[in-house]
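Only one chain is given next, in structure tokens, and it is the form predicted on its own.
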Amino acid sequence: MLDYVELEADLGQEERMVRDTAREFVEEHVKPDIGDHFEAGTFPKELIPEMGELGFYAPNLDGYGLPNLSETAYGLLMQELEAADSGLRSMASVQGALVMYPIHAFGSEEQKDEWLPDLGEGKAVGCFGLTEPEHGSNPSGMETYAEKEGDEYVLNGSKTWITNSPIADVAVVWARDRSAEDSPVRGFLVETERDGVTTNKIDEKLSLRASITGEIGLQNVTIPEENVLPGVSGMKGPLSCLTQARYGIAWGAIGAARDCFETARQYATDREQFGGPIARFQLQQDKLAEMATQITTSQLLAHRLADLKERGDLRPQHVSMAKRNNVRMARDQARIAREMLGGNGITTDYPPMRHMANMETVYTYEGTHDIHTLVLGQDLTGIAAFE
């Protein structure tokens, strides 16, 4: 696998084990059928408990049966999962970074004990409810609200583009608490079997097809007060979760790009035209050289982020730069790889076209490319372009 400047030579034993375990899992259990799932618009749900048994959900957290791996190990895991398909990494990323992380960081001991072991083992599935039909890039404008009635809260509103929602057991829903002064944003653990909860599936997607995406409808949904995340109030809650998830995306996109590169390199050496392999042509070598350079640059950025995160110096703006750069890189390299495969590249027999379609979603979700550009612009100039 492409590691041109030998970054993985510095990996520890535990990190190598995580990388190799994930790579073997993907090769044996995911890649043989993922093209069929993409074409059918289905997610291989049978993999959910298997991924739990292997510790793929929030492995960088500690306690509650979680392995407390290094941030590099977590990044490598996301990279290997997305080398299979963005839908697979998305499922693990949402479960770990957007559901387990807020419970771990902001939940009560009772909430942690109830949910973290089952979510970590894949016995329960979670989803993250932030985006609304009218509020995407500006989540602070959310209209979903909660009102306290005695020792209970009643929630109303709707969320959309929610990964895992149709199969989720619990949703971490972010809503405005109208019972408090200034209606702060709070996190609510909403079991999806409660009366008034609907989780309709979104069909007819042309991207991220091997992923289950849906809505969350909340109509007078009553939950007990103990379902409120006690440790956070305001937009810091959901935004800190997104920082965790975007860190994984920055690594994961490299996996998709690397899979495209390896496919194109192998194809170029195997495919013969005009009396020899097309890899002998300068045009093809130029494409491979540029792909390798761009992927290597993104790898360097991801490994640097891991170091910053490990020592507590990682800022959200660092993650914005990496998410923005690495996803754009993967989007571009998938297109080039598809191009090198010619007509064969448009089939599900080869992954570049599937990765290319998926990257359109990854380019957009968890902060669009343009929004991350403006986040960096504000950090560099001190002037917010979106206020």
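When you see a residue number, it is the position in the sequence shown, counting from 1. A quick note: this is a predicted structure, and the numbers were derived from the prediction, not measured.
Just so it is clear, the following notes concern the form predicted in complex with flavin-adenine dinucleotide (FAD), a form of the same protein that is not shown.
The three residues Phe43, Ala92 and Thr348 each lack any heavy atom within 4.5 Å of flavin-adenine dinucleotide (FAD) in the predicted bound form.
Contact between Phe386 and flavin-adenine dinucleotide (FAD) in the predicted bound form is found at the 4.5 Å heavy atom cutoff. Though the partner is left out of this view, Thr364 does reach within 4.5 Å of flavin-adenine dinucleotide (FAD) in the predicted bound form, counting heavy atoms only. Using a 4.5 angstroms threshold between heavy atoms, Leu208 counts as touching flavin-adenine dinucleotide (FAD) in the predicted bound form. Under a 4.5 angstroms non-hydrogen atom cutoff, flavin-adenine dinucleotide (FAD) in the predicted bound form lacks Phe188 among its neighbouring residues. Partner proximity in the predicted bound form, defined as non-hydrogen atoms within 4.5 angstroms of flavin-adenine dinucleotide (FAD), places exactly one of 75-83, 219-227, 129-137, 278-286 at the interface: 129-137. Only one of Val173, Met291, Ala250, Ile162 comes within 4.5 Å of flavin-adenine dinucleotide (FAD) in the predicted bound form through a heavy atom, and that residue is Ile162.
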